[in-house]
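So this first bit is one chain, no partners, the form predicted on its own, shown in structure tokens.
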């Protein structure tokens, strides 16, 4: 006997949740030529996109926004913006794992306090046909097990509270459905960190530099890229010296951009091929060694939205293949 909810009751569950909290989730614009899916505030359950495809921006936009005010200053005081509780409804497991890994990144070795405050105010409900994994930090996981039923797995007091809703019951006879095929797991090659680390002089980096637009899109759409820049904005007043006011802003940045590694009068990574190698090194060498996980959840967003049609899986496969041939 398992705790489950019938598919027809999901709309009522959504209605109850949206009556108490702002609810965000995947939506679909069927008229869009590209980028049909995106995360937005859901005004109605009918706007919710089951089994959504690639969104341009991953859910990290809610925890680490593209642009945000860290705090405002003036009148001899510092005022951080107020945070509100929201619910992320219907994420798939892949995006849920991305949040789990981002939680680790923003917690160690240095705690990002702004991220942590916002993270505590966001509740997560995952809906997927795959079973839950150990790499999740959600409140409620709903696994589709047949065309009519979702098994419910509460992971927090909030999730347990939701599961007390009368829409959930104990179902003794639920079937199974065929789950989608596993993604290409080249990122989990046992020697990938060594292979990438030793590939600095590989001709593939020159080849990619001839193709790459160094636009940074691969970083912006990645669920785990977290580079940012911080700038102070000063409001001009009649007496700036005694009436200094303004705000401190944080916005996304990318190690792929030409000026990212510029310090005063020196750029220590001026060549595009070095920036490309650094992107791969950070994801597949440094992060596995620092956090025990690759800096990639294999979601494929960077492949889908790269204007140069660069496929990181093909790049890694070529490095692995050439490493075998040199033995």
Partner chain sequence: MKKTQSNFIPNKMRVKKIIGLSPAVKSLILEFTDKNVGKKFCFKPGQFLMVSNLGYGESVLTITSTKSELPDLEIAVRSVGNNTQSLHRLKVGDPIWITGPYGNYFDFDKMAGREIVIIAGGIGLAPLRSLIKTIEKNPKIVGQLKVLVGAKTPLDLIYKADLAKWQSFSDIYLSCNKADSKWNGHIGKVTDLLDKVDIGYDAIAVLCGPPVMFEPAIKKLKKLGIGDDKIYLMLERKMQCGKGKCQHCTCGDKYVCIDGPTFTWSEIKNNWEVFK
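Owing to the predicted nature of the structure, the values given are computational and were not obtained by experimental measurement. Positions refer to the first chain, counted from 1.
Separately, the form predicted in complex with the partner chain exists; it is not shown, and the next lines address it.
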Pick from 147-155, 92-100, 121-129, 72-80: which stretch has non-hydrogen atoms within 4.5 Å of the partner chain in the predicted complex? 72-80
Would residue 291 show up as a contact with the partner chain in the predicted complex if we use heavy atoms at 4.5 Å? yes
Distance check, residue 277 to the partner chain in the predicted complex, heavy atom within 4.5 Å: yes
Partner contact for residue 228 in the predicted complex: the partner chain, 4.5 angstroms, heavy atom: yes
Exercise: residue 281 in contact with the partner chain in the predicted complex, heavy atom 4.5 Å: yes
Within 4.5 Å of the partner chain in the predicted complex - does that hold for a heavy atom of every one of 134, 303 and 317? no
Using the arrangement in the predicted complex, list in sequence order the residues of 88-112 with any heavy atom within 4.5 angstroms of the partner chain. 105, 106, 107, 108, 109, 110, 111, 112
